[in-house]
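This document opens with one chain alone, in structure tokens, the form predicted on its own.
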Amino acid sequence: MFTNGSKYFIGVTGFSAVVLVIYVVLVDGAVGGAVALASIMLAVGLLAGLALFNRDGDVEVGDAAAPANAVPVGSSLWPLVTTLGIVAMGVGLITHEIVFLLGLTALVAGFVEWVIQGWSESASSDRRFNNAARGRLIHPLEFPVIATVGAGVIVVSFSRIMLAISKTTGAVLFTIVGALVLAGGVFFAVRPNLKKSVAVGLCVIGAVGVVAGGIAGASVGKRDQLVEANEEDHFAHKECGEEKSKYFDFNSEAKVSMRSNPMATIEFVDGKLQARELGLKKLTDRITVQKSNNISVIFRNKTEGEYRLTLFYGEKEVQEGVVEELHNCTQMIESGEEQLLTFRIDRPSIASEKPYKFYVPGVEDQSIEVVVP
């Protein structure tokens, strides 16, 4: 059994170890601070060992001196949790920061629970009183944390299920689960005298079912449509050619907010591209934009058919010997509609062999030059 003095020294030793690990992770190249913290940890650890060895200097007495009503100290898993937390932190330093954070969480939680359990067991010789004292101290912290973790596990498990099944099946399953939850709430409401064990058992069965379904869904993976969408980047990739895209041009926006704050308006009128900068009435075939700023222009289609406005703003080398052109574009819009194009150019136009320009794919000899100082 740990003595009172050794508990304090062990606590300071563990705290010093945590601070040392955090310091090493967050501060690069500061060897002096790490050496100082390590020295403190070793010194306090030595004092903890000495306090344990000599039992705080108390004189040993026989068992006859122990009170007859003393309750033996119960077993605890918190030392094991604390040890696993320290091991996980060490593994996380060489693998991934998530492992380190999980280890740190386990270390702090295990150490706090360990200390509080040790304190409550020595509060009196009445086990019930000791349990009540521990509950009053730690339950206000335990219950919110457990509820948050449990809700997170349920949400993640349910999301894995919904990502693995089809959209139609997901809607049906969502309706069924909602109906079951409602039925369970009604059942508990009309049976207020229901045994606690029955209510807990039903909740546990439901939670285990959801978690098991989440594990199964995670093992199966996402449904084929989502896998295809991730591989082809349907939701982020812009297809700026003259052909209509199945995904990028789906439900294209046709109106622009009055608060969009564009710097210019570009119109495609009867097959001709023309531009007008903000505050100027004169048409222009050249627009000057600031480098490394977010710029917005309005594109209006006044030609029969569906067209898009595309911006060419240079090239970049994606790998050795492979050069990719940089494009940004609007969705395809019909005649009489308008759309906002927001872009950012980080290199001056003089750095490109080809001039920067706005153009309409599929239409020759119609462009607006873009100058970036």
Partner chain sequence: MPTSVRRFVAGAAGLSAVALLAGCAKNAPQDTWQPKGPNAQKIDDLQKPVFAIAGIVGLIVFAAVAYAVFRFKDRGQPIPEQTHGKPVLEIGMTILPALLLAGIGVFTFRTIFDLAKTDDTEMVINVTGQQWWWEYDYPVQTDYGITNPIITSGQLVIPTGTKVLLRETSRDVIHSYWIPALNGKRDAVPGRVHYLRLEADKPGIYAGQCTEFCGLSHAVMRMEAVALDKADFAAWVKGQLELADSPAEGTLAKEGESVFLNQCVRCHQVNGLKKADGSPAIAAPEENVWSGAAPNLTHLMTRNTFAGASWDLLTKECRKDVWEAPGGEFGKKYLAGVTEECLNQTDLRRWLRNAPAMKPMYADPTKLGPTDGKYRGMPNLGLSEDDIDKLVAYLATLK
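Numbering follows the first chain given and starts at 1. None of these values were measured; they are calculated from a predicted model.
Keep in mind that the form predicted together with the partner chain is not shown, yet the notes after this line are about it.
At a distance threshold of 4.5 angstroms between non-hydrogen atoms, V19 is out of contact with the partner chain in the predicted bound form. Contact annotation: D346 falls within 4.5 Å of the partner chain in the predicted bound form, judged by heavy atom distances. Looking at M263, you'd find a heavy atom of it within 4.5 angstroms of the partner chain in the predicted bound form. Using a 4.5 angstroms threshold between heavy atoms, K291 counts as touching the partner chain in the predicted bound form. Judged by heavy atoms within 4.5 Å of the partner chain in the predicted bound form, the contact stretch among the candidates 297 to 305, 213 to 221, 97 to 105, 283 to 291 is 283 to 291. Three-residue candidate spot G279, I350 and V371; every residue lies within 4.5 angstroms of the partner chain in the predicted bound form by at least one non-hydrogen atom. Residues of 155 to 176 that come within 4.5 Å of the partner chain in the predicted bound form, judged by any heavy atom, do not exist; none qualify.
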